[in-house]
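Only one chain is included here, represented as C-alpha cells and corresponding to the form predicted alone.
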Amino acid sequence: MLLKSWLKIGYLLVMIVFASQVKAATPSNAELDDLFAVRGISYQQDDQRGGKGGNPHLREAATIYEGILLYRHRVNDNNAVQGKLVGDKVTAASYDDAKDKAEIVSGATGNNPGRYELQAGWIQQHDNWGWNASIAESREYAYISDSLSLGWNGSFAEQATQLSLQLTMFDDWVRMIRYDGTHGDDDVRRTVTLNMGWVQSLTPESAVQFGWSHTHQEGFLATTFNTVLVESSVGDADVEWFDFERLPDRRRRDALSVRYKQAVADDSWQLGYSYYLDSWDLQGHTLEARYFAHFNQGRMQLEPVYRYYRQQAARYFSTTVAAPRTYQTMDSDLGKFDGHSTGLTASFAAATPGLSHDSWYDIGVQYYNRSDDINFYWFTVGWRYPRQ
C-alpha cells in the first residue's frame, strides 16, 4: 500500500502469518461448495512517541475500517467460481497532511474515500490435485494495483504429503505526492511473489508444515510522503531540514517458516518459527504459539494466540543523517524493534433465520506492542454460511 500506516499494518499482518504462510493443505471437494461470508475489521494504530523509536518527525497514528464480502459458487463436482470485494476507510495523519498540502501547493485535488479491491477467481479440484487462478484490481486516492495469481496443489502418499505452489504478480501505479505537497511524475512498482508449501503428516495426530516465500520487487519502492531529518552545520550554526526518503529500485525478499501441529483429543495446538531476510539487510524472526479449543461437540471454538517478533534494521535506516545520502529512510518499519502480540478469537455455530443450515459466527481481538512505541489494536467480526 502507498499509505505508510497501511504499510505498517500490512507488514504486521505479514508477520502474523509468518511472512511465508501459504495455503499448503490440499482443498477437499467439499471446499468447493457454495459459501457466502462477511467480515468486518477495525484497526487502530497508536503513535506513543516517548523517544524510543518510530519516526519522531512523522505522525504515525491511523485508523482503518475494512469490510470483506466473499462468495463462492460450485459449478460442478470439480469446479467453483469465487468473487471477493474489499473496502477500506482510512484515516492516516501523515498521509492526510501530504494530501492537504498537495491540494494547496500543486492542485493535486481529489477525494479520499478509501480503498476498494475487486477479485474474481476460478478453482478446480480433483482427488489428488487442483489449481486456481484469480485476477484483482485495487484502487485508492494515490495508488492503483492490478494483480494476477496462479496456484497448484497436489497430495501424495495417500494424502500424507501435500505440496502447493502460488505465483502472484502485481503491476502498481504510484501517484507522487510528497510530504511537502509537491506533486512529481507518477511512477510504477512491480512485484512477483512465489509461495511454496509442504505439509507432511507424521502421525494421525501430528503434522509439520514448511513454507518458503520469495518476492522480487522493482520500481518505486520508497514511501512518497516519508521524510529524513538532515542535521548539518553551517559555520557555527546547526541547521536542520527535511529531505525525501530514497530507497533502491530493486528488492529481493525471502521468508522461511516451519510449524508443528499436534492434536490432543478434540483440541489441537501449533508452534511455529519464521525467518525473514531481504536484500536491504532487514532480518526478522517470529515465534508463535496457538491453541484450538473445541466445545459443545465442535460447535464452539476458542483460539488464543501469542507471537513474538524481533527485527534487525535495514542498512538504509537512520534516525538522522549529516548530509543527504543516495539511499536514506527513517521509516520505523525498517528500523530495529521487537514486539509482542496476543489475541483471542471465538467462533460458534448457530441457526440463522431464513436459512436451512447453521451459520458460523466469529469475534476476535488482538493487541500488538512494539518496542519503538507503535501499538496496534484490531477487532474482527465475521459471519459465514457454507451450503452443505
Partner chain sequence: MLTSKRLSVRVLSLALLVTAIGLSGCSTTRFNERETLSRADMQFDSVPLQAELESHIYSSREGSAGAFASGGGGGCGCY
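Keep in mind it's a predicted model, so treat the numbers as computed, not measured. Numbering follows the first chain given and starts at 1.
Here the subject shifts to the form predicted in complex with its partner chain, a form of this protein not shown in this document.
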Practice task
Indicate whether its partner chain has at least one heavy atom within 4.5 Å of a heavy atom of residue 290 in the predicted complex.
Solution key: yes
Handout entry: Contact label in the predicted complex: residue 204 to its partner chain, heavy atom within 4.5 Å
Key = yes
Practice task
State yes or no: in the predicted complex, is some non-hydrogen atom of residue 152 no more than 4.5 angstroms from a non-hydrogen atom of its partner chain?
Solution key: no
Practice task
Verify the contact flag for residue 318: yes if a non-hydrogen atom of it lies within 4.5 Å of a non-hydrogen atom of its partner chain in the predicted complex, no if not.
Solution key: no
Practice task
May I ask you to choose, among 232, 161, 78, 182, the residue with a heavy atom within 4.5 Å of its partner chain in the predicted complex?
Solution key: 161
Exercise for the section: Consider the chain as shown here, without its partner, and state which of 242, 129, 210, 122 has a heavy atom within 4.5 Å of its partner chain in the predicted complex. Expected result: 210
Practice task
Would you mind checking 266-299 for residues with a heavy atom within 4.5 Å of its partner chain in the predicted complex?
Solution key: 266, 267, 268, 270, 272, 273, 274, 275, 276, 277, 278, 279, 281, 282, 283, 286, 288, 290, 292, 294
